[in-house]
Structure formats: C-alpha cells, structure tokens
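Okay, so here's just one chain, in structure tokens, the form predicted alone.
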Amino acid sequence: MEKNQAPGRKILSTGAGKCNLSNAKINAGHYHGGAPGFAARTLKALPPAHVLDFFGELGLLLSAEADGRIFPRSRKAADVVNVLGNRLKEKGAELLLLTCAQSVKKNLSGFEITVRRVPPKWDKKAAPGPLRTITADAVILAAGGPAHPQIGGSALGLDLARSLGHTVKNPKPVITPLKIKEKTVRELDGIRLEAGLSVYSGGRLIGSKRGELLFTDYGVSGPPVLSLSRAALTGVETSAVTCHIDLFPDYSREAIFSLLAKRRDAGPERPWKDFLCGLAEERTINLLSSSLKIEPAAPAGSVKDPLLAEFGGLLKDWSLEVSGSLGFEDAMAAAGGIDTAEIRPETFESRIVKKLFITGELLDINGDCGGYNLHFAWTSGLLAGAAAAKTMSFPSSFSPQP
C-alpha cells in the first residue's frame, strides 16, 4: 500500500536525483541510536556486499566514487525505482497506489488493516475514498519517517506502531542544513566554495569535515554541513554551537599571513578591493573585510601587520553560531523513532506483536550522510520481507546469516 501516486517518491529525490544507494564503507560505526549492537547484528545477518548483489540480480549496474559512495551507473534514481518495480511485477505483487493505512489491528487470525484511498495532491477537489478493510497474515511497516513531508514524509508509520504497543522516541531532523545566527550570511546566498569545516559545542571540537559549502539566506548547507549536522543539533540543545570555516585548509596561519604580506608589499598603493581580487570568492572575502572595517578603497599598504594578521585569521577560522535547523522539510533523515530493543535485528520482527515487521527510518537508528540510510532501508526490507514470507530464498549469490 502506497499513499503517493507512484512508488519510490523519496528514492527519486536522493543524491540530487542520482540516488546514493549505498557506500563501500558500510559498517556499524556509521549508525547512531538504537540498542547496543543492533546495527552490527543486522549487518552480520545480511552483509553489505549481498545487498549490492541483490541490485545486480535486478539488473542495476553500480558505480563507486572515490569516497565510497555508490550510485547506479546511469546516475539516475529512477533506474533504482524501476528495477524494484519490475521485480514487483515479476512476482505478481499487487501495488495499491494512493492508498493510506488508517489503522492496523492484530486479531487471532492475523491482522486487519483499515485503508482509505486518498486523492492525488494535484487534484484539490477530489474527496478521500471510503474506508475498507484488508486482512493479512503478516504486516511490514515501511512507511519512512517525517523527513521531507512535501514528498510524502510523515509520522503515520510511527503512529501505527505506537497503536500496536511500541515505544516511540520523539523524532528529530538530521542530515540537514543549519541555520546561522549571524544575519550577514544572507549576503552570501547561493555561494558555493571549498573549505574546511569544524563544529564546536561549548568550546569542544565535536567534528570536522572538508568539502563544498553552500551558503543560503538562512545559513549553511553542503556535504560537510550535512555530515556534521547531527552532532551540531544535539549540541545546540545544551550549549552554544559554532561552525568554524577554514577558507584555506591547505595553508597554515603563518603561510596565509606571509602570502598576504607579500601581496600587500608588492603593491602598497593598490586599493584593498584590488588587493583581494583573485584571493578567494569575492563576496565572501569582501564580507570578512567589512567585518574588520577595512575600506575597499583604502590602499593595501595602510593595512598594517596586526590588522592583516587578523584578516588572515578570519580566512583560517571564520566563526558562525548555529541557531538550529529548518525542521523536517529540509532534512534527509530523522533521528528517533521506534525503540530497536523491541525489534529483532536479524528479521525486523516485532518482539511485541508476532508477524509485525518494522523497517528503515521508522526505527530509532540513523546513518551518516553518504548512502548509509538507504543501505539500512534495503537491508531491513530484505530481511523483513524474507521473514514475513517465511522463506529465506534469496538469490544463490547471497543468503542472510542466522
């Protein structure tokens, strides 16, 4: 049962439409939350290479980046959705689109799922269909979490699990852009630049990454920010969190000062704005100059060593305070969810309700940025599907381990 008008809507949006579906470095250390050892036991039950073999069996060619991220070779998320859809057809599965589960109830013979047909989002005048009941021997909840509500994310699956007796930890956005307290970043909206990023909470370093930063009208985004957002948002709940941007990660402070001093001394009469030309991204270094009250028309030679050193220090360590996130609309995943102590990590069957299986982002376990969350979704789905069907008849190339 799929409440959207087509399956895999969230998959289509991953990896900027290219679908970063896994990573060559999958291991339990890249997962957070959950009961101790949960991710490790799951990855032992279905080793990462076997999940990739599964997609190979479906006909999907894969390609790995140097950093370990794995994509379809075509770089098209639609190909991932299509090979999964083709397998559904081959197996004779019935796919009910625009169908939303309203409740799931356990009885002596199995389950009763109350469903309702929902109108497509583009049809504003259509009314929901009548309620009807579907019976089942087993149920898999694979409803995803509340991230990206604009493409179907919601807390519906969490509500269904809660109604069946499961404990739910309040979900929070992770792998998300960060809001910045300083309003001056609005002047840099749309700028992308390569830099080092370090995040501090209460003055203590909690993570560092290097890569492309994207400035927005509310703060910062880009792979380094997304990777460190979990730690940043956890820290901001209890203390001040700051992002420290290094615009010259390949240079030491001493080397930057030497570079600036040589430029200044080679042309002391040049206006400061000309002195900056070619040094780094124009709007960014102009903003930093302005913060030190250096006039664009001032001769470069008028900027003496102490002020020049201060400017060089900003190029190496530009500090911005984190004020929070934009919520689930811009988050790629959610932390929190159903307590994994209530789930069997080898099958994803509920320990509370027999023949109920709960997978993916519904669970209180989330992965790092880089394909880890999608890999966990595939793994939990394969294990739950096999167990729910009372079979372990995977392709011969891989078999889940007991």
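Numbering starts at 1 and follows the sequence shown. The structure displayed is predicted, hence computed values, not measured ones.
Same protein, other form: the form predicted together with a small molecule, not shown, and the subject of what follows.
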| item | value |
| --- | --- |
| Candidate stretches 331 to 339, 348 to 356, 46 to 54, 32 to 40, one within 4.5 Å of the small molecule in the predicted complex by heavy atom | 331 to 339 |
| Heavy atom of A377 within 4.5 Å of the small molecule in the predicted complex | yes |
| Contact label in the predicted complex: T234 to the small molecule, heavy atom within 4.5 Å | no |
| Any non-hydrogen atom of P171 within 4.5 angstroms of the small molecule in the predicted complex | no |
| L214: touches the small molecule in the predicted complex, heavy atom cutoff 4.5 angstroms | no |
| Contact residue in the predicted complex, chosen from K316, H148, K179, H166 - any heavy atom within 4.5 Å of the small molecule | H148 |
| Heavy atom within 4.5 Å of the small molecule in the predicted complex - residue from I245, V81, L160, V185 | L160 |
